[in-house]
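So here's one chain in two forms, each on its own in structure tokens, numbered structure 1 and structure 2.
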Structure 1
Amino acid sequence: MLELRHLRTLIALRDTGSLVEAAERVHLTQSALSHQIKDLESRLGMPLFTRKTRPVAFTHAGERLLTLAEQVLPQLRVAERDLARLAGNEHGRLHMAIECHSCFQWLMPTVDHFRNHWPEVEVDIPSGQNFDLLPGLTREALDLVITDNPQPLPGVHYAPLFRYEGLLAVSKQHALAGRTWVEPDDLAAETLIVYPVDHSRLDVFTQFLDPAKVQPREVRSAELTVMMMQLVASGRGVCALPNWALTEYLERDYVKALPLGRDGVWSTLYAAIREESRELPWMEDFIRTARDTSFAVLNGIKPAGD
């Protein structure tokens, strides 16, 4: 009657708060997910959540199944890891690099969790690479690269982790602070603060300013997010960052954040790995752990299909 897929669906529904996003996360259509839940409710003879609420409000029966899912699914993951070890698939090397300056918020918990469960796998984040990161995969200098800019490289697979929206952070006193969203022309007179990377790797240029043929008055770089926020809050510029990277500063009412355009600018973050690594149990587990951890610690992200 009750299957593991039901438990995974309920967890996805709780984490995302909507049927649409839960369906994306478990790789079903919304219709198929709704049918699955209605079928389960019919078997149980009771509803599991209240319709037309956001976030989803679970009934007592739904809450009980969520408790079961929280107990069973982690145990299943541990069993799968143990079986992989018994099959002799535990040894390996995971040298990774990051093209995302704001990724440590979710990546470090992922790495810590992974190390605890796969102590035999050598994990390292080398510093000071003086080469393009993605080609480093094909040369086997790296085993995984976190990137939002996939390139068509032979033998490289891009596993999507999650989707996120880019937002423009401005000071609370800024003339744009009261707007619902900003247009490219609004940045023509602004100092845009960015990470010290090539503009071709920044969504605010590639997806927002460049298509409109707009350049900001000045571009200024800063190494750390907190430095960028200090500059923005003091009125010395504006910056575009992932929505989840701004959560802490928005909750503290430090800055204001606006969508880039009416429809917003959305991007996908990927884990790039070599094709031959895709079926390694520990690599599969790292990517799954990265997804689970991201949704546990980040706000405003959405599932990304495989």
Structure 2
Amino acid sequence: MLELRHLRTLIALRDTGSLVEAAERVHLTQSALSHQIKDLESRLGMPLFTRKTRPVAFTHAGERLLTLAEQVLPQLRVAERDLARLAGNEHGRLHMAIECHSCFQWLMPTVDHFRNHWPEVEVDIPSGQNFDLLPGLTREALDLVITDNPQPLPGVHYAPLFRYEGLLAVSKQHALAGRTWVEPDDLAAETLIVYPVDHSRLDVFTQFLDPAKVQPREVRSAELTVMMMQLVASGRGVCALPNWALTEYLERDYVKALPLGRDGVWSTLYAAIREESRELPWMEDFIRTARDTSFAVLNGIKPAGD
């Protein structure tokens, strides 16, 4: 009668605050969740939460089930890991690299969490050479590459982690600061600050400016997000960054962020791995853990399909 699926739904609901988003999180439609919960509530003979408020407010019954979920679901995860371990294949190597700047924010918690559960897997993030990383994957120099730029390569599988929105950060005094969103033309007179990587790897260009055939007045680069923020805050330019990289500056009311175009520019972050390693239990677990921690740590991101 009560099933694990219900518990997962409730957790997603609490984390997101709305049926629509919770549905996305568990890869179902909003309608499915509405039915699912309605029917659970009717069997229990009482409501689990109020929908009239944002985020939804849980009743005592709802809270109780959440508690149950928090108890049970982790135990399940542990058991699944133990089973994977019993299946053998618990040894392995996970050398990974990140193609995208400033991913450490969520990668570190993921790696920590993972290390605890798979002591037999040798985890390493060799830093240094910033060459093209994907070939390193086929060469077996690397086992996993975090990238937002999947290119069809034989023997490489891209596991989607999550979707995020590229936002334009501008100073609070900036002329654009009052707008609801910006159009490509708005950037023609601006100084655009970017990471020092190839043009083709910057979504602002590939997905926003290039299609509209617009070029910013000036382009300059900076290594670190903090530096960019300083430049932006002092009005010396604007920059486009993933929404989650901006949250801490937005919270401190340091800069203002605007969607790129009416519908925004969304990209997906992938974990690139070798096809053969795809079914390894600890690899599957790493991907799951990465997704889970991302949602726990980052704001404003959305699930990506499989």
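For clarity, every value in this text was computed on a predicted model and none was experimentally measured. Take the two forms, find the largest set of C-alpha atoms that superpose within 1.5 Å, and that set is the rigid core. Sequence positions of structure 1, starting at 1, serve as the residue numbers.
Remark: structure 2 matches the stated condition (the form predicted together with the DNA). Thr16 shows a C-alpha shift of 2 Å or greater between structures 1 and 2 [criterion: core-superposed Cα displacement of 2 Å]. Core-superposed comparison between structures 1 and 2: CA of Ala240 displaced by less than 2 Å. CA movement of Leu40 between structures 1 and 2 equals 2.9 Å, with the two forms superposed on the rigid core.
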